[in-house]
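A single chain, nothing else alongside it, follows as structure tokens in the form predicted alone.
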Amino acid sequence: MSVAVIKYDRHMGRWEADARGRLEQAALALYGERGFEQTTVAEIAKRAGLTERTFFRYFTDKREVLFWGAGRLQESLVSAVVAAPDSAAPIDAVIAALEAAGAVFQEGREHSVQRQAVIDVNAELRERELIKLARLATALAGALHRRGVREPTASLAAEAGITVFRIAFERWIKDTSGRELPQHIRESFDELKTVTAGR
């Protein structure tokens, strides 16, 4: 009995190892070198050693390369808030969730630095980033509602948490001391408490 051996040419594109990661790395490199507006999907695919068709299998457009993880981030934040101890105050549940997310960001700091550099110089991308943060705040408020927190407490805690995260993230990106993002989140939250205490 003979066994048929199937061989795939390496150019056939049947399987691309870590295609999403390769496309993301290529896009960030090109955005940094040439600018977001000047970079095309064809160039990203070529740099990654993949086809345009493969690019569109993972991303709807070249902006999506920078924002595709927003859904997963939202899911993890909501799950963490819902799972927080019943005794946790609304803002403490939100901050704890953000600190946990910050630990994940910490693992990919260089990626975060590159991504933010691209966003900072493009008005359209900055607007999209603000929309993403607004959606996260809405999702966090919804998670607090599920915990029985009423309005306006839920929205205030969620919005305050996202503001703390945004400021902490900006500090972390610029920080050369090696302090981690969760530390920045905690420090920014402590500063917010000082401000609201009127001291």
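Quantities reported herein were computed from a predicted structural model and do not represent experimental measurements. Position 1 is the first residue in the sequence shown; the rest follow in order.
Same protein, other form: the form predicted in complex with another copy of the chain, not shown, and the subject of what follows.
**Request:** Within 4.5 Å of another copy of the chain in the predicted complex, counting heavy atoms only, one of 71-79, 108-116, 123-131, 93-101 shows up; tell me which.
**Result:** This holds for exactly one stretch, 123-131.
**Asked** Is every one of E24, A26 and T51 within 4.5 Å of another copy of the chain in the predicted complex, counting heavy atoms?
**Response** Negative, none of the three is within 4.5 Å.
**Asked** Using a 4.5 Å cut on heavy atoms, which of R147, R166, R34, R57 is close to another copy of the chain in the predicted complex?
**Response** When another copy of the chain is considered in the predicted complex, the option within 4.5 Å is R166.
**Item:** Sole residue of A143, A157, L66, L30 within 4.5 Å of another copy of the chain in the predicted complex, by heavy atom
**Value:** None of the other options qualify; the answer is A157.
**Message:** Contact with another copy of the chain in the predicted complex for E191, defined as at least one heavy atom pair within 4.5 Å: yes or no?
**Reply:** Yes, E191 is a contact residue.
**Item:** Partner contact for T153 in the predicted complex: another copy of the chain, 4.5 angstroms, heavy atom
**Value:** Answer yes; at least one heavy atom of T153 falls within 4.5 Å of another copy of the chain in the predicted complex.
**Prompt:** Should K62 be counted as a contact of another copy of the chain in the predicted complex, where contact means heavy atoms within 4.5 Å?
**Reply:** Result no; K62 lies far from another copy of the chain in the predicted complex.
**Message:** With the partner left out here, check for me: in the predicted complex, does some heavy atom of R171 sit within 4.5 Å of another copy of the chain?
**Reply:** Heavy-atom contact with another copy of the chain at 4.5 Å: present for R171.
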